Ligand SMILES: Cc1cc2nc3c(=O)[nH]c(=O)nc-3n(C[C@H](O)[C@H](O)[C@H](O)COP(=O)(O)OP(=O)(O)OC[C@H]3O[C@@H](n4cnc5c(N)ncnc54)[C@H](O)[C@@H]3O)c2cc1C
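Below sits a lone chain in structure tokens, taken as the form predicted on its own.
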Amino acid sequence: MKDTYDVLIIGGGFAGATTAWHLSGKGLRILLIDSKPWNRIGDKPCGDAVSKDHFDSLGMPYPEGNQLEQKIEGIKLYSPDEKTEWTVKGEGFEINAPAYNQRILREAESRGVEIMDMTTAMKPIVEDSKVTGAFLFNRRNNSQVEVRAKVVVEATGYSMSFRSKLPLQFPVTEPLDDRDTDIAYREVAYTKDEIEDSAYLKIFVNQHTSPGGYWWYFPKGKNKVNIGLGIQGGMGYPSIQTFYEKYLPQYGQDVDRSNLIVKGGALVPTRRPITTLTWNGIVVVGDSAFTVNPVHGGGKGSAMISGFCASRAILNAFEVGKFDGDTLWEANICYNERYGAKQASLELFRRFLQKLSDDDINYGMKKKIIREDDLLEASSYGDLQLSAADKAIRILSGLGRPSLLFKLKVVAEYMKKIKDQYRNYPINYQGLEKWRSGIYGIMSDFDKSLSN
């Protein structure tokens, strides 16, 4: 059996669903497939928190009804010894991810997008260095389908199951270093008592209980919580389950595990975005394109941004009638302007944080060498600005640990350098290799500077 579409979207999670939602109703014939059954599409181990800004800037509807579990007013961040607490204000939503995800898909479906659940892309179709479709397998009726499309959207998540089967010379096959990942595990359960400050997400930084990552406690109402942790991958640490079972009493003593709702783990990319989201006939979005925030590991908002940018590029390609990498290049420009440059600078901030000891973090937070404003500025803009007066105050505060202040200065300088490099992202594929070499140079120099 053969069929032809304008756009084939492989994966119906946040990135794929957002792409379909923005493309729907535009006169294109679109097919979206997902390997899960309908009632599980969008069900992925995650903290489930999304900033309100993402919905506003992308024109996406707010979660409502059973899709919204808790309105968020901010985040409370705790030092390893839990003696210092920072509060960072910011509106957001703790959502029922599958419910919201499926709502977006239903809206896209109502505007003409065809959706096939329990369907897997078994093999890409590549002709003349261009992705032209995929061979699909539908488990509902055990049927195979050959689908041709002018554009394929790769939204398979951290598995990267479609792009990993493309020819290695395609730039969108870029691999992921295990050290640039977090291994995450979470449980959603009811609590024994009513949660205090349920409008605030709690994050606990501790290199002993979550090396290279953190614990989270995200309320989903007055008596339900999403609790979990992430640890840095590729470091030879014990299993994530070992850390969870050992330290859960420290961070979730009120969790009633006999009243467990759901549990699961996932691999989370924590680096800058893939060098290019596009190639001939293909756009990569979401976790497969490494769009997750490198510091806090949240990926739903940035997945929505990548889906929005992909849809803009695809609509532009149909206007000009060309579907090569350069015509689809707008997805790169759009994403890097909206999020990618910040994301790259946050990778450097993440690398800095992962090199700190618990004593460094305790001291830095207590003495305000590292401040709440730093975290807010870095998270919002990917910047770390240190004025002359500010440096003088921090020098006095940091006399006990001068190396920490030096490292903070290095981080601020290199975060600016890498953002400037992203502001000069090439206008087409021809300039990509030179630009990428510049990124590698900045990151190499940064790592050497931190090691001195």
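Remember, predicted model here, so these are calculated numbers, not experimental data. Quick note: we count residues from 1 along the sequence shown, nothing fancier.
As for the form predicted in complex with the named molecule, it is not shown, yet the points below apply to it.
- Message: Is it true that Leu28, Val151 and Ile333, all three, sit within 4.5 Å of the named molecule in the predicted complex, judged by heavy atoms?
- Response: Checked in the predicted complex: no contact with the named molecule for any of the three.
- Message: Taking the named molecule as it sits in the predicted complex, is Thr119 in contact with it (heavy atom to heavy atom, 4.5 Å or less)?
- Response: Yes.
- Task: Find out whether any non-hydrogen atom of Pro63 is located within 4.5 angstroms of the named molecule in the predicted complex, and reply yes or no.
- Result: Result no; Pro63 lies far from the named molecule in the predicted complex.
- Message: Just checking whether Ala155 would be counted as a contact of the named molecule in the predicted complex - the rule being heavy atoms within 4.5 angstroms.
- Response: Yes, Ala155 is a contact residue.
- So in the predicted complex, does Ala266 come within 4.5 Å of the named molecule, heavy atom to heavy atom? Heavy-atom contact with the named molecule at 4.5 Å: present for Ala266.
- Message: Tell me which stretch of 65 to 73, 33 to 41, 422 to 430, 409 to 417 has a heavy atom within 4.5 angstroms of the named molecule in the predicted complex.
- Response: Comparing against the named molecule in the predicted complex, the contact stretch is 33 to 41.
- Item | Listed residue (Leu328, Leu346, Ile104, Val292) with a non-hydrogen atom within 4.5 angstroms of the named molecule in the predicted complex | Only one option qualifies, and that one is Val292.
- Message: Under a 4.5 angstroms heavy atom criterion, identify the one residue in Trp215, Tyr100, Tyr244, Phe218 near the named molecule in the predicted complex.
- Response: Exactly one residue meets the criterion: Phe218.
- What residues of 294 to 311, in sequence order, lie within 4.5 Å of the named molecule in the predicted complex by heavy atom? Contacting residues: Gly297, Gly298, Gly299, Lys300, Gly301, Ala303.
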